[in-house]
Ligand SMILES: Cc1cc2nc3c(=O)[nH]c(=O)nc-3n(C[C@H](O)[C@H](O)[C@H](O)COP(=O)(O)OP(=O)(O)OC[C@H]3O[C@@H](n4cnc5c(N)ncnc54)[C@H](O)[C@@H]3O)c2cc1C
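Before any questions on binding or motion, here is one chain by itself as structure tokens, the form predicted on its own.
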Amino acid sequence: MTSISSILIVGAGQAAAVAASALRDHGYSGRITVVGNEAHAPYERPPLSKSVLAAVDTPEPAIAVKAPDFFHSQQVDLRLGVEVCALDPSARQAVLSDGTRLGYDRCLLATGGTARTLPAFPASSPAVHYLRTLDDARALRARLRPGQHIAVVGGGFLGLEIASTALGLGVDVSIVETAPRVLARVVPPIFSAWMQERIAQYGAKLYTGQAIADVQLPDDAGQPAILGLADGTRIQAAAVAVAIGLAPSTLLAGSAGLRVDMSNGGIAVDAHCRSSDPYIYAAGDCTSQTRADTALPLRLESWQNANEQARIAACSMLGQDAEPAAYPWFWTDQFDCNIQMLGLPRPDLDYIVRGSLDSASDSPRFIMLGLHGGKPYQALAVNAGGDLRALRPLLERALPVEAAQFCDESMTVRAFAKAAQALAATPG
């Protein structure tokens, strides 16, 4: 293989830091340059809507991906507050916003994404907040004061995390979701129904299936915003948090002639995270990858996927084999529940439930298992992360399960999982 002496990583988030670390772990001693447009060293994004947003009267939690001395000790050239403006794949060079030109033998695009915006809610308005960066979280946190009222536009995981955190700070919350139910893209209706009951128990006002017909935004932060819904409801809020998804940052890739998946907007990569240019790779929220279990190009916006793709891309750039990506996993903390999801949603799954769907419980605990043909493909666990780990082999191997046995709480989940694996291993 051609000798590699210089690797450029574009972006300075989770995937970038993990990739840089993996390159060193796998024996690469050449130059690594990480270029990011934020002023902050790579940090974890999941806490932004939770512990960081909640740190009103407490110290902000440490969320750095790596220890402060990592980049220096590992001889990684970290350039912050600078953007890569253009890539020249034929010359294998990048042009930076400060005029610098950097050559590379391999390039990793870890550009992530930006918050999707709505024209009716311009980010320039003092009442409007989008949450993607640490600075975004700090700006929104400054508006969360007990007794005030905020509106959250979007009933996905991020919107619900923001609502949960705000409620915990004594803020009144209204949630507006245009879909008929919350989390509609990722969980079954039975889970959405439980979630909506839980939200109501915590005092938030939830408006589902509602279009926003009218928006009045103030000229200064001291005045309220007013949202008019299609049914005539009017919501007055001191601030509006808009959380309607992520737009992958692919402008640089597209301008360089890399293939961008038209179905989802991500940079198209193969199983090795290689783009349509053999010297350029991509990892994290900006990518679109066809998975063997779905045969469809997907963009997975998750902490786990950023880590897994970064690890695989690092090995691939060095010409080394990498362990396959782990089964998809996602987690969130909201409304005093730890919610974990294993596997991807599918429209053809039938869900069975183990445990009680008591939304008013102080500590609800249950697992939903999504089956097709008697085999599990997705699991959702509420305050049952240990049990979910026990079920992982069943989903990874799509082993047949007995629905009645799964729902029988006289048998532990661990014992159930072991029995299912033993049965699958029995000849005949």
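Quick caveat: nothing in here was measured; it's all calculated off a predicted structure. The first residue of the sequence shown is number 1, and the count goes up from there.
Heads up, the form predicted together with this ligand isn't pictured, but that's what we're talking about next.
Interface residue remark: Thr165 is not counted as part of the site for this ligand in the predicted bound form, having no heavy atom within 4.5 Å. Proximity of Trp194 to this ligand in the predicted bound form falls outside the 4.5 Å heavy atom cutoff. When contacts are judged by a 4.5 Å heavy atom cut-off, Ser21 does not count as touching this ligand in the predicted bound form.
A residue is said to contact a partner when one of its heavy atoms sits within 4.5 Å of a partner heavy atom; Ser276 fails this definition for this ligand in the predicted bound form, lying far away. For the marked spot (Val10, Thr111 and Thr332), a heavy atom within 4.5 Å of this ligand in the predicted bound form is present in each of the three residues.
Between 167 to 175, 229 to 237, 207 to 215, 125 to 133, the stretch whose residues reach within 4.5 angstroms of this ligand in the predicted bound form through a non-hydrogen atom is 125 to 133. Interface residue among Leu158, Ala241, Ala314, Ile267 relative to this ligand in the predicted bound form, by the heavy atom within 4.5 Å criterion: Leu158. Taking Ser361, Asn37, Asn383, Ser51 one by one, only a single residue has any non-hydrogen atom within 4.5 Å of this ligand in the predicted bound form, and it is Asn37.
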